[in-house]
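A single chain, nothing else alongside it, follows as structure tokens in the form predicted on its own.
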């Protein structure tokens, strides 16, 4: 076996884990008003087990909803009507050979959603001030009193409440066990209640529940003891915490080691994460961005592993089975846990075990999944269109009639449409006007932080090469060609072209377009002005800075796309603060000259020196070319950027869905 350490079974108490690859805790927020588990949720977790993960953890199970809920749509283990749904999830995971785990959590002072005397739940952060929430009866509680906490006034948690919550953790674990779960995962990290109490900077209480290290440890240890009492000595307990909070105000790895030593032998797995969920700088370490190296957080687990005997799990930016094997073989950790990667490819364990590493769809770390969780409460993946539609995906779609399918365009959408149509048994012809598949995104193939995107495009190209697809490169689909091929179905996936704004001097010798500069960055001068503060402009600026260029971003709108609070955009924000990048918001370019650009904003007119001026002003869809094909076959579909330029997920989702309908 190529990865003997990665696939060595692990026996812990009453559980046997078939390998060392766990699916780390992920919440499922696409719930109905009653917050009970749905069939969609069952299918979501079951899919990971079916793909070969040894353990699948249901994230964000709240142990006490009166004071501990940070979103109103979380699983609440106090609600006994959750039993059938929990049992269905546990069964869906375990019947595929994996161990189902429930993550037990309490948000503490970050609860945001608290329960009022009438039983309803409101968001404390939706109130205009802390006093309003107090009057209504919903108070926030933490280790100490904070007059102006992030979500309002925080009251010091009285001892009787602490004791009640300890009991709730134990009862929640017993409830999960009764539903068929084979393990519980205690969430003691990322800034939630247990980490608030263990924090030497947050927990400055003067009683036995804070102040000294021993007192800060009292609540976590009491929770572990309560759970053990309720589930028995052989039932596995995983404890998840931040090895380092990785922030200026949080604790470091030395304190993390000290904490791990305190729980060593009292739990069965020490799961070492990093960061603080409520700190913008720290959270992009909890969820490493594409700008960070693979396995960047393994160092925390590796250090803790030196000081404890309990099996240690590591998590964060892990996509490569070879790296995972080395982590375990070298003794840096005993278990690897995958979060976003389990969405990009739920079949990673099976593919790695059976020698199909080249077919693993590696996570781009674009954080499309997290952004969709925040915006529509449903997980999605940019490159895996199955995610969010697991129930639909597992239903076979046999074709009633084999059709000739012509796909015009070999970019993101075109490749996915061709692959899906061929998998279903249709005769597929894929035409691409250039000499290579991948579309406009191929221009970024040498950008280090876009490495995984390039690998994704290569993987899709390999899938096409292996499939019964008639691939025709250097072939532009005209209406004449389309008619001559006698297709039953046409997919127009013709993409978009750069938008060129009407600026004086736009055709100057020092002016180029973003995709052209990505393809030939050596042509850029020392000082570069980027016109456009969207994703393309921002990421180009970040890339050029790594090449030693001084960059100015000019955006006509009052905000950049990175001014949004999305997870990926937080990573942008960190990098845009670096030296040699200047940003002008609310600024228009009135003229481009050989020496730079002339700009205007509320402060008047000014000049920005630049050797190279880059246009990153968006894309214009090739609608005219696409529509010209509409009457060349009985069925006609437009997908991707030739409809409206958007992100990768739009193209993959449309292509996969429509190709399954044909």
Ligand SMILES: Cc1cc2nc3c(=O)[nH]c(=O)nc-3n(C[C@H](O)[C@H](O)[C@H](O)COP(=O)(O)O)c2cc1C
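Numbering follows the first chain given and starts at 1. This is a predicted model, so every value here is computed, not measured.
Heads up, the form predicted together with this ligand isn't pictured, but that's what we're talking about next.
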I'd like to know if residue 334 sits close to this ligand in the predicted bound form, meaning any non-hydrogen atom pair within 4.5 angstroms. no
Classify residue 373 as contacting or not contacting this ligand in the predicted bound form by the rule of any non-hydrogen atom within 4.5 angstroms, answering yes or no. yes
May I ask you to check whether residue 19 falls inside a 4.5 Å heavy atom distance of this ligand in the predicted bound form? no
Would you please decide whether residue 325 lies within 4.5 angstroms of this ligand in the predicted bound form, comparing each non-hydrogen atom pair? no
All of 240, 316 and 339 within 4.5 Å of this ligand in the predicted bound form, heavy atom check: yes
Going by heavy atom distances of 4.5 angstroms or less, which of 420, 286, 460, 361 would be at the interface with this ligand in the predicted bound form? 286
So this ligand isn't shown here. In the predicted bound form, which residue out of 598, 26, 612, 619 has a non-hydrogen atom within 4.5 Å of it? 26
Among 547-555, 316-324, 403-411, 480-488, the region lying within 4.5 Å of this ligand in the predicted bound form by heavy atom distance: 316-324
Residues in 87-103 that come within 4.5 Å of this ligand in the predicted bound form by at least one heavy atom, in order, are 103
